[in-house]
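Only one chain is included here, represented as structure tokens and corresponding to the form predicted on its own.
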Amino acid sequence: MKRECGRWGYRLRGFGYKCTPGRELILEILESTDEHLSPEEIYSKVSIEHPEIGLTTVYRTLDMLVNLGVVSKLDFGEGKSRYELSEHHSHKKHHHHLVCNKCGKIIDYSDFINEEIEFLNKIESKLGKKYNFKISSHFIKFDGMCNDCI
């Protein structure tokens, strides 16, 4: 079955890259889930529709998409990377992560209160001034135990 490039194809071409069925499918997989998928999990979903696409291609595509800022690479300390669409290319708004050290559950946290937003803006501003550094984004992960594991 030949896949046609849809809306992701236009975005990829806008970055100067070809739209391939594998690239389009990887982006569709990331778009259709709230999970933080590993390359192996993405590969298992891709191989259902395109068994000719190898794990190496999935890794290369993810690296390209991270470099373009379309996908975020996440490290939750489990020895493998996980991926999600970046907030600029997703329906998700900016969020942080709560990671259970016992079961590995990952909770996206995005319902910030005003005090939290002010605090983070203040930290970014102070760090930027202190180190003469323009901060474009941040990644915050809280480790602990979820309610099921307490």
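Take the two forms, superpose them, and find the largest set of C-alpha atoms that agree within 1.5 Å; that set is the rigid core. For clarity, every value in this text was computed on a predicted model and none was experimentally measured. Numbering starts at 1 and follows the sequence shown.
Unshown form predicted in complex with a further copy of the same chain; subsequent notes refer to it.
- Taking the partner from elsewhere, no residue among F15, C19 and N67 has a non-hydrogen atom within 4.5 angstroms of a further copy of the same chain in the model of the complex.
- The stretch in contact with a further copy of the same chain in the model of the complex, judged by heavy atoms within 4.5 Å, is 106-114, chosen from 32-40, 45-53, 59-67, 106-114.
- When contacts are judged by a 4.5 Å heavy atom cut-off, G144 counts as touching a further copy of the same chain in the model of the complex.
- Taking the partner from elsewhere, H94 is found to have every heavy atom lying beyond 4.5 Å of a further copy of the same chain in the model of the complex.
- Interface residue remark: L85 is not counted as part of the site for a further copy of the same chain in the model of the complex, having no heavy atom within 4.5 Å.
- Among residues of the shown chain, Y10 is not one whose heavy atoms approach a further copy of the same chain to within 4.5 Å in the model of the complex.
- Along 129-144, a non-hydrogen atom within 4.5 Å of a further copy of the same chain in the model of the complex is carried by K130, Y131, N132, F133, K134, I135, S136, S137, H138, F139, I140, K141, F142, D143, G144, in order along the sequence.
- Comparing the forms between the shown form and the other one on their rigid core, the Cα displacement of F15 stays under 2 Å.
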